[in-house]
Structure formats: structure tokens, C-alpha cells
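Take a look at this one chain, the form predicted on its own, written out in C-alpha cells.
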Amino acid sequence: MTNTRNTLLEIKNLKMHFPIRRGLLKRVVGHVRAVDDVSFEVFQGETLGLVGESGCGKTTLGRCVVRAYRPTSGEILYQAGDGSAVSSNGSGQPVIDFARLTSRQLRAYRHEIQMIFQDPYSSLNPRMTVLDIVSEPLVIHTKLRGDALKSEVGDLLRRVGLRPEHMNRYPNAFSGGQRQRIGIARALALRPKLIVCDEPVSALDVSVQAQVVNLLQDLQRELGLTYLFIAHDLSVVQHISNRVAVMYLGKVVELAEAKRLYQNPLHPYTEALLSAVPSTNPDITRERIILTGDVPTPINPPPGCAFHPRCRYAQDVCQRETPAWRALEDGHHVACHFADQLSLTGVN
């Protein structure tokens, strides 16, 4: 998995706030800040892992990228040209802001970004055959029909390790791992550049997880794909990712090359997450960090650093001031007041 360092997707100050409505007139009384001012880049050909606790906004962010949700504010800049770096300085390459496009305008770019969903049981229509499921994007966006359409679906099924002669079967005839392969084939149908993988292996058995992860890596090498890989299993993320971004309460709090982040975390929340990763060495005993305090609500996040109520290193400034997003090392970004002073424990 090599990184060309050419930016394919750039997220700038992205926010997704869901209104809370109450009363007979359904007046807005507040907002759920699911994604709250997030910025990062996804480089062409890489896998960017996105990790965090359940409810931190990972899936919402992924759905904003594919425009299943229209974000409240911010930019989703996509490089629609040959993959040169995204810029707004007149580079000559078309840069599309997905956040501003209408549904009609988005149709021309739907084939560029696709999504693999978490649950292979609910993401496939039980009343449609595999042929119908995989061919649906092709029917909508291309002129393939008849035998040519079936041939294309057969090729896609072979690519993901399934037998084309089973394309007339329904999803209930397949196992969970096979269903997820069908979902992957559907995502590949339009030959996208970027695939948002929303916890694609979390609903599968461990042995099947490894098969699906290896398949995704093989497809990436063969097709030059770029992944935004959303997961809560840090072992899987470490195996597949080039870089890793850590989310907490709607914000990205740390981002770095995978090896560097796992060995040398700079944010206390990242250290706590890594302490839960099982060690493959029986001679190593790792201290499990149990976070204290209540999990803040995204409806009314705490002032200052959102993590300070649960952080064992928190000081007075953490309650008053929001930490700046800064780079302490090459490519290693963090939002913590004391990141350059703490000595945190990673995974060796």
C-alpha cells in the first residue's frame, strides 16, 4: 500500500448538526453536533483509517462524504481530474465541492465515490437477486443491458471471489461473508476511485473478517482504489491503514501515519484506545486505561477540550480553552494542549 501523496479528497471545517425539534410546532430547541468542524485529507491510493468510540460521528462523516447527508457547513473537495493535488489556486484540474452540489448535479459524480455498508444483512434487498443488486448501479448510470450486463456482473462476482452462476439467487442463500462480498461487488460496479468502508467487517466472524480485509487490500492493489476505512477495531485498522485519524465527540483529535500513531500516540484519548488492543506477545502485560467520568453529549459538549472530563492529564486550561489543531512531527497532527509534554504509551 503505497501513498502517492496526491490529495484525492479534502475535508475542510465540515459540520453536520442534526436539529432537535420539540413541541406541537416542532420548533428547533437544539442540535446534535455529530460532526463538528473536521478537516483532513485523503491521499490517492491510500487507506485512511477512521477510529473512535460508538457515537463519535464516524459513520455520519462517511455518509457526508458520499452525500447521503447534506452537511450543515464546510467543504468536501473532490479531485475529479487525473488525481493531481487538490487545490483552489487555479491548477487547471477540476475540484468539485460535493457539499454544495444539488442532487441533480451529484448524479454526474456518483460513480466516483461509493460506499460499503456495515451490515451485510440489512444493506441488501432480500427481494432482489444478486444480479439485480449488483447490476442496479450499472442500469442507472450506464447503457449496459441484456447479456452484456450479465457478463459485467459475472466479472464483478469473480473479482470478489463469488461464482457467477449464483447470480440468480437471493441474499438469504448466502453467508454473512458472502453477502458482504456482494456488497463490495456492487460498490465496484461503477469503477469508483474512492470507497467509504463503513465498518465493513464488524458484523462478521473473525476468520471471515481476515478474508474480507485481504480482499479489500487485493482490490486496492489491482484497481488503484482509495479507502476511507471506518472501524472501531484498532487491530483491523492497524493492519489495513496507511494513516489513522482518531475521532472523539465529532472532532478529529489526532492523525498520523499508522505505525507512528500506534507506537507514539500524542493524545490521551488515543492512548486509552490503544490500551484496549490485545497484545500478540504473551510476555507483554499492558495496562488497560479505564476512562473515568461520563461520556459527554454531542448536544451540549463541554467547554474547552471535549475530552477533559475523562482525561487523567487534564489541567485548568483544558476546561477553558479549545486546543488548537497542530503538527508536532512530520505528518503527525494532534489537538491537545500538552501533547509535546506528555509521554504516552503506545502499542509495540
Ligand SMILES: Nc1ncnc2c1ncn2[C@@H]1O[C@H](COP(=O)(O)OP(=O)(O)OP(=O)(O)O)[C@@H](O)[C@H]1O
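Please read all numbers here as calculations on a predicted model, not as lab measurements. A residue's number is simply how far along the shown sequence it sits, counting from 1.
Beyond what is shown, the protein has a form predicted together with this ligand; the following relates to that form.
Contact with this ligand in the predicted complex, defined as a heavy atom within 4.5 Å, holds for exactly one of 293, 55, 303, 30, namely 55.
Contact with this ligand in the predicted complex, judged by any heavy atom within 4.5 Å, is made by just one of 318, 34, 65, 42: 34. With this ligand omitted here, the record of contacts in the predicted complex names 55-63 of 310-318, 285-293, 22-30, 55-63, defined by a heavy atom within 4.5 Å. Residue contact with this ligand in the predicted complex: residue 232 places a heavy atom within 4.5 Å of it. This ligand in the predicted complex is approached by residue 199, whose closest heavy atom lies within 4.5 angstroms of it.
Among residues of the shown chain, residue 323 is not one whose heavy atoms approach this ligand to within 4.5 Å in the predicted complex. Of the heavy atoms in residue 338, none are within 4.5 Å of this ligand in the predicted complex. Shown without its partner, the chain has no residue in segment 141-167 with a non-hydrogen atom within 4.5 angstroms of this ligand in the predicted complex.
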